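The chain that follows stands alone, in the form predicted on its own, written as structure tokens.
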Amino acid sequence: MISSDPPFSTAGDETEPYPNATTNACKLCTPLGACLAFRGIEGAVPFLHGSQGCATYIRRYLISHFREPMDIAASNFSESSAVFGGGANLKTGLANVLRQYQPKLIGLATTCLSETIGEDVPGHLNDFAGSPEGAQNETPIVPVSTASFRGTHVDGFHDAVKALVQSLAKGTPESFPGHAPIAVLPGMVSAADLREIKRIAREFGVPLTLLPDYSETLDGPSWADYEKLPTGGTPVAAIRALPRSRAMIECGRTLAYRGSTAATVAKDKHGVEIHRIGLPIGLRETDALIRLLSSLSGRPVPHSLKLERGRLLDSWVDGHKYVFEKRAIVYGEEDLVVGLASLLAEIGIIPILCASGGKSGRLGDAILSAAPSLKGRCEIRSGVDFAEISSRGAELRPDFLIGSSKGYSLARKLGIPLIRCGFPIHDRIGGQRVLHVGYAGAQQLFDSITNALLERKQADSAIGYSYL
């Protein structure tokens, strides 16, 4: 049962909610995020230490969004595994995956079941290394703890990226001769976003290591024949060579509050220079990335990017009268909500409710840091579900929603547009191609929001089409 009168905080005064149960959570399970991160490594196979049902659930969610094949191995817990442990299943499963796929990496994530019964994964891996199959294995196996009862899909994503850096990055800059790249850890963004970040880096002419990179593995061309391991992804060798990076950029304003992340590991263990910025959504956050790349590369901002920025501002001048003072509800994973709230504030829209299933406790601080003008103008809720968002949404009377397709029922109930972005998008084609980042992403989001508002205005008008 949901509390009938939960406390609602305002920006800068975030309060922990106290629901008694979750109804339609505004988050997904932790190992899902880990599987997505591992899918962005070249030749990698995600492997769940747990039940077959967990792997099936995650495959279903990722396939429905990306519309691509998604193999996830599992140790296939049975009743006896839940009682006596799944070590034997894990070793058999690893041997099968190595034999059948010949992967370049296995990303091993735990599940709620294996975490609850206290599985000793490092011990199992040591046992496997001493077995005949394991003794001959040279494929790295990267374990990560991802119990869903203590996190969200985004926590699993970031923990997996951190585990990759901890396990694979070795040596000193002198160990890896050659031109030092800039490493970018973009966070959980779309395949189109990953391609856009790579394009922007190419504009500055700097080599880039993107970790992870599922822009091809989960959004590639059709195959003539089925491929067990799709092409693309961050090479394992590039992760090993991260200590030679001239700098590492980690995106995510709430992530920056964490004490230990992949970037801090690279800094503490290898002395890599790190920069922690927000997701580059909207004008200011994109400007921050562009300035940083210009500084790190030692090159001026390319004319092509200046033109993109100019066209974006011109479109905002053209369309400001349609969006000014409109009211929106923003929901999703925390750093995405921060980026979208910042964009909405820039174009004159008030994000009257910013909600997330995440519980970093930093959502309010991050939003105000990215968009100080929102102080006192929006409610910020962490750890909420869609029952709470719906209840508050009916009272706030927004003009539109912006977030994943899981907000469809509320948008339908309120009779307002839903701007689909983030993850998951199951009820439309192209979720993996929704562009959020960069000037181009801000342009697409602005056009989508403005046109959705114009469409609703026409639909509600007795005249219909007219000059607007």
Partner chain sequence: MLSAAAKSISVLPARAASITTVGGQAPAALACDKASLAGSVTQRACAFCGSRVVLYPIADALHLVHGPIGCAAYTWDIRGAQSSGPQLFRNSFSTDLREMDVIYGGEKKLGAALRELIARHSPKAAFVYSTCIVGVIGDDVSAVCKEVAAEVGIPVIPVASEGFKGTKKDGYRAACDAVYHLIGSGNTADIPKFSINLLGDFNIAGETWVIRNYFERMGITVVATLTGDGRVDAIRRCHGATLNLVQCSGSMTSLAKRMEKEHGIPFLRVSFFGIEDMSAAIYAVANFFNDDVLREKAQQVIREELGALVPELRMYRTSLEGKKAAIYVGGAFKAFSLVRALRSIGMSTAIVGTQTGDSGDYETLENICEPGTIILDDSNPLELAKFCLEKDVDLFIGGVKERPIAYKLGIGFCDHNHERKEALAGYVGMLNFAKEVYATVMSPVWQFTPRRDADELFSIGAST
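Residue numbers count along the first chain shown, from 1. Keep in mind the model is a prediction, meaning the values are calculated, not measured.
The same protein also exists as the form predicted in complex with its partner chain; that form is not shown, yet it is the one meant from here on.
- With a 4.5 Å cutoff on heavy atoms, Q444 does not count as touching its partner chain in the predicted bound form; it lies far away.
- Although the partner is absent here, E216 lies within 4.5 Å of its partner chain in the predicted bound form, judged by heavy atoms.
- None of the heavy atoms of A180 is located within 4.5 Å of its partner chain in the predicted bound form.
- Although the partner is absent from this view, F386 contacts its partner chain in the predicted bound form, with a non-hydrogen atom inside 4.5 angstroms.
- Using a 4.5 angstroms heavy atom cutoff to its partner chain in the predicted bound form, none of I239, E273 and G438 count as contacting.
- Only one of 314 to 322, 273 to 281, 180 to 188, 112 to 120 places residue heavy atoms within 4.5 angstroms of its partner chain in the predicted bound form, namely 112 to 120.
- Note on contacts: among A411, V434, I425, L28, the single residue with a heavy atom within 4.5 Å of its partner chain in the predicted bound form is L28.
- Among the residues G298, P221, G259, P132, the one placing a heavy atom within 4.5 Å of its partner chain in the predicted bound form is P221.
- Residues F47, S51, Q52, G53, T56, Y57, I58, R59, R60, Y61, I63, S64, R67, E68, P69 of 41 to 69 are found to place at least one heavy atom within 4.5 Å of its partner chain in the predicted bound form.
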